[in-house]
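Let's start with one chain on its own, the form predicted alone, as structure tokens.
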């Protein structure tokens, strides 16, 4: 597993993975959306001689107390309230200069009133103030919309047409029977933006067996889609710990399947 310790390496890698490629390269894409009180140390290493595919993490914040040696930590500017923006610049520069960070995330579900709650123009103005200064120092992610945010994202991209946006994070939540809807959602954003896509939250609603069957199809789709650069299943957060056994740190069967299924397979480590 190739690991980069500086932003130059990350920028070089991202540049080489153009979404116009005719074939997907086998680079690990899996990550963890993990609140700091949720243990994630056992997602690294190997399981039955299969290396972990997890190589990045984030926590809906701009700093963390549980950086893992096997994962790049990606800071997020969750929203524009003062308690986010006041610490943003110092934290982002710290992780770029000292923590091996090569990517930054912006604004969590701004189309929703109970989340970042920004109009497309407000988000574009905030982007220019808080994200644009990091151009050339890290790869920059657009605001992360859920699967109700297509129109919002389209309007944001028009309002921020001069912004330096390297990739587009999205979310998806729906029933486990709608895996084809998940694929269509991802592909629609790839077509809309012409940029690499990260799926920074996604979860199929259903039993553990239902979610396992969903991942058997979703993981190969994501790994083999050259537009998709990274993804993180929603299962290491305060309100969803389905990737952990009894709240961790041990992994559940679903967690083992997610972390240790070989690249391009969702069947688990055999």
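Numbering follows the first chain given and starts at 1. All values derive from a computational prediction rather than experimental measurement.
Not pictured, yet referred to below: the form predicted together with beta-D-glucopyranose (BGC).
Proximity to beta-D-glucopyranose (BGC) in the model of the complex, taken as heavy atoms within 4.5 Å, picks out 235-243 from the listed stretches 65-73, 49-57, 235-243, 209-217. The putative spot formed by 144, 182 and 200 is not touched by beta-D-glucopyranose (BGC) in the model of the complex; no residue has a non-hydrogen atom within 4.5 angstroms of it. Listed residues 78, 95, 88, 127 were compared with beta-D-glucopyranose (BGC) in the model of the complex; 78 is the one with a heavy atom within 4.5 Å. Checked against beta-D-glucopyranose (BGC) in the model of the complex, the candidates 122, 155, 193, 115 yield a single residue with a heavy atom inside 4.5 Å, and that residue is 115. At the 4.5 Å threshold, heavy atoms of residue 42 stay clear of beta-D-glucopyranose (BGC) in the model of the complex, well away from it. Not displayed here, beta-D-glucopyranose (BGC) is approached by residue 108 to within 4.5 Å at the level of heavy atoms in the model of the complex. The closest non-hydrogen atom of residue 35 lies within 4.5 Å of beta-D-glucopyranose (BGC) in the model of the complex.
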